[in-house]
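What follows is one chain in structure tokens, specifically the form predicted alone.
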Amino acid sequence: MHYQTESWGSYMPTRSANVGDPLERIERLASENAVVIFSMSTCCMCHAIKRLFCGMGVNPTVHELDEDPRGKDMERALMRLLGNSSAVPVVFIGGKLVGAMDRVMASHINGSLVPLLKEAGALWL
């Protein structure tokens, strides 16, 4: 896994030097890896979604917004993108927005999550 906190796995630096619109930054980060999770290190739902992907054998890249100097701007952009008050966790697979916890869990339950992961190259079996 690529995480920004030691407790979750390996470190993946976030390029803070990039200047620009937070939504553009989110889109760029989301397209850099097969599975990208925007998270808060203290969020229990974020923890649950990370555990779901780890349990499936997926190696997501996790961006902890509370540890990013521009995380508040990205959080507001994610809230606008989702159209709700809870910005995290937000999952992108293959550079495409899957959504928040409810959409990811619904996809997992209805069987559409695994094909998405395979198509993105995040899961091989």
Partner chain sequence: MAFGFCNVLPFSSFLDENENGLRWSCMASHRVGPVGETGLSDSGPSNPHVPYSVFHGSNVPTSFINQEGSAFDFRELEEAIVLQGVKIRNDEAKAPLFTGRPAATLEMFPSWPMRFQTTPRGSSKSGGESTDSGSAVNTFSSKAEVQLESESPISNKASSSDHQAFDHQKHLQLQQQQIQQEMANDRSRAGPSQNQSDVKAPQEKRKGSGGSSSTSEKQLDAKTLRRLAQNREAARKSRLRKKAYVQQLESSRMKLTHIEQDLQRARAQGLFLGGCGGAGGNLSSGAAIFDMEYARWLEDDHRLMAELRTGLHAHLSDGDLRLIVEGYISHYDEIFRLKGVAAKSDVFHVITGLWMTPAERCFLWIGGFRPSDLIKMLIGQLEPLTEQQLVGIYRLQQSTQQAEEALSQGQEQLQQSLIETIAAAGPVIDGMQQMVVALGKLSNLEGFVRQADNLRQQTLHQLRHVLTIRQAARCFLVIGEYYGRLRALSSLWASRPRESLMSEDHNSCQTTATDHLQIVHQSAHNHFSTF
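Numbering follows the first chain given and starts at 1. Keep in mind that what you see is a predicted model, and the values were worked out from it rather than measured.
The same protein also exists as the form predicted in complex with the partner chain; that form is not shown, yet it is the one meant from here on.
Trainee: Heavy atoms, 4.5 Å, the partner chain in the predicted bound form: which of 90-98, 27-35, 52-60, 75-83 makes the cut? Say which one.
Mentor: Checking each option against the 4.5 Å cut-off leaves 52-60.
Trainee: Quick one: does D102 come within 4.5 Å of the partner chain in the predicted bound form, counting heavy atoms only?
Mentor: Yes.
Trainee: Please tell me whether any heavy atom belonging to C43 falls inside 4.5 Å of a heavy atom of the partner chain, as the geometry stands in the predicted bound form.
Mentor: Close contact exists here: in the predicted bound form, C43 approaches the partner chain to within 4.5 Å, heavy atoms only.
Trainee: Any of the heavy atoms of R70 lying within 4.5 Å of the partner chain in the predicted bound form?
Mentor: R70: no contact with the partner chain in the predicted bound form.
Trainee: Answer yes if any heavy atom of L23 is within 4.5 Å of a heavy atom of the partner chain in the predicted bound form; otherwise answer no.
Mentor: No, L23 is distant from the partner.
Trainee: Pick out the residues of 82-117 whose heavy atoms come within 4.5 Å of the partner chain in the predicted bound form.
Mentor: Those in contact are M101, D102, M105, A106, H108, I109, N110.
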